[in-house]
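This document opens with one chain alone, in structure tokens, the form predicted on its own.
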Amino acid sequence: MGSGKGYGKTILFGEHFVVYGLSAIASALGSYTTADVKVIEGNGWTVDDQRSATPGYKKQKYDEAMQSVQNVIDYLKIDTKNQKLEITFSGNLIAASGVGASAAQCTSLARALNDTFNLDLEDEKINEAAYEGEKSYHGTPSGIDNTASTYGGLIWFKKNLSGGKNTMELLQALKKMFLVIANTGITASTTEVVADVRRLKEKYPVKFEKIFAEYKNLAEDAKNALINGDIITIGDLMNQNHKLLQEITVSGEVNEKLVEIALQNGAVGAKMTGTGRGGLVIALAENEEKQVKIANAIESKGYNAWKTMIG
């Protein structure tokens, strides 16, 4: 029997802007998915998914999740004709859109298979296997989620718009930081929201050129602040990033409500993360005491919130 772990992730800076070749910064979360693999007589494999999840998530993603398991098994060339694998997923990462749940599942499985069969794989190979698993969820994934899940820490990511290799740089933060993730309970279509932004960009090119220039400078400042562990500056830049997301119309009423609750209860910075118009909001806290206060305030208003670490 073997086991493995894969971390969740959040986008700290750059959602939507990354589509246009601007840099984004993602962070692995302290929350993770674990996989346990037991080898028994028989053939094939079974999955017992014990992960906590937002309502409907696992049912909606079931076919993709099963294909991801097969992809990872195939990539690592694990024999399932002469033996049977019993796979169990658990851990403290809540399976939801926007936290890299699929990548965490794929990474944890790759590590568990590596442990079970003594494959002696380096992280680079684990990451490659997780990327193959991610293909079942995303078609052609960027690779940022599985990279964060495998290596942890911070990822500086820039999409190559010419179709070449994307830029992915592992960053080392000076310190771990306290984060609250709030769930609006609303799921928006990423495809539709991205299309709306593209239409606006085509309609108001000068406005968007100015927004993009402002974000480009912001991203560089955020990179330096994260490396130096400058929490106050990071929080301020999160607030600025959120205002830019408001300008391109991807925030929503409930996002604004949760951002305001977080800031009123001591967050140094708060913003929507991911697709927007619902989905998730992240809030940065100076210490654990304030992290608890922010999470409790959000939950008192009827929303789900969980506490984790970044960096």
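Residue numbers run from 1 along the displayed sequence. Predicted model only: the values in this text are computed from it and were never measured. Superpose the two forms; the largest set of C-alphas matching within 1.5 Å is the rigid core.
There is another form of the same protein, the form predicted in complex with ligand MEV; it is not shown, and what comes next is about it.
The contact residue chosen from K210, K176, K84, H138 relative to ligand MEV in the predicted complex is H138, the criterion being a non-hydrogen atom within 4.5 angstroms. The listed set S27, N255, S31, T275 contains one residue whose heavy atoms approach ligand MEV in the predicted complex to within 4.5 Å, identified as T275. In plain terms, the part of the chain that comes close to ligand MEV in the predicted complex, with a heavy atom within 4.5 Å, is 141 to 149 out of 198 to 206, 76 to 84, 141 to 149, 164 to 172. Contact here is defined as any heavy atom lying within 4.5 Å of ligand MEV in the predicted complex, and by that definition each of K9, E15 and V18 is a contact residue.
With a 4.5 Å cutoff on heavy atoms, V194 counts as touching ligand MEV in the predicted complex. Scanning 78 to 113 for heavy atoms within 4.5 Å of ligand MEV in the predicted complex gives no residues at all.
Core-superposed comparison between this form and the one not shown: CA of K61 displaced by 2 Å or more. In this overlay on the rigid core, G98 has a C-alpha that sits 2 Å or more away from its partner position between this form and the one not shown. Fitting the two forms on the rigid core leaves the C-alpha of Y137 displaced by at least 2 angstroms between this form and the one not shown.
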